[in-house]
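Single chain ahead, by itself, as structure tokens, in the form predicted alone.
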């Protein structure tokens, strides 16, 4: 139990080596899980990478996303099949989730900061032009992904934050709305009752004494049949965070990175860990050096584990007590989702419908 899972990137039971759906999920043979030269490149043979680039063309539009992105990947593939740009496809895919009050990880209905205010972050990156845009700590606007796209298209900046981001959104016609739903407010109030046994808030839900603050995000990477790739990551951030806290999602190179010649990667999970590892950029650079998406993701997850040294963030036997997810899509159509611990899945649509596919992982969950 607990040995790192490699197996060419396919998630397998450590003890029995059982093949999961990622290895079986293929279309026209574009997913080929087997021996990879990625580890050899990591060991110092990066000079061989030039012989592997450029990658071959994909078989058709493909979109991958976090597990809450089944509808997002469906929308993204539909738009790309109709000839729409890959960035528009990724953004309009995640907008479905941003506007859903039942998803508490993003947009309308997202869980608020410690003062009960919803603050949203988002980033976009367009592979063909290598341009990017982002917003952080944005209040009162349901769809920060669309605002981030406008930052990229209409300004010479990459990142707008706080009140400035709100004024920019309003200038382009976005309407201010109260984003705190009743369900999110109830979750926030339950959290407040657990702040201290000495305060005056009464806890009426002792059955959830082990409650942990949720993290939630959606990331979507879209690739069309011409090999053009773009991505978007959007979130309401860590639930009940300190006001003004910004995680990895709006930071280009952390929660999202796209290289038009290589592919793209997005992230969800503990944002601070992804920020400290420059996670998504490192995954893409690994693929550029010749690694498969599977090994590229596992390599960065391993780095995050090695970089985690703070006692309060560790559990026995010295591994992180949190999880991180990466979603990588290469311009030839090969993809992978991965996390530190087993048990996760991500959304994939290759034109035959959206499906949840198990993620590769480093360690069996204890």
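Numbering follows the first chain given and starts at 1. This one's a predicted model, so the numbers in the text were calculated from it and none came from an experiment.
Omitted here: the form predicted in complex with ligand ASP. The next part is about that form.
In the predicted bound form, residue 185 stays away from ligand ASP, with no heavy atom inside 4.5 Å. Proximity of residue 281 to ligand ASP in the predicted bound form falls outside the 4.5 Å heavy atom cutoff. Residue contact check for residue 217: one or more of its heavy atoms lie within 4.5 Å of ligand ASP in the predicted bound form. The shortest heavy atom separation between residue 271 and ligand ASP in the predicted bound form is within 4.5 Å. With the partner removed from view, the residue among 133, 263, 247, 290 that has a non-hydrogen atom within 4.5 Å of ligand ASP in the predicted bound form turns out to be 247.
Note on contacts: among 238, 166, 150, 96, the single residue with a heavy atom within 4.5 Å of ligand ASP in the predicted bound form is 238. For ligand ASP in the predicted bound form, the listed stretch (263 to 271, 222 to 230, 110 to 118, 72 to 80) containing residues with heavy atoms inside 4.5 Å is 263 to 271.
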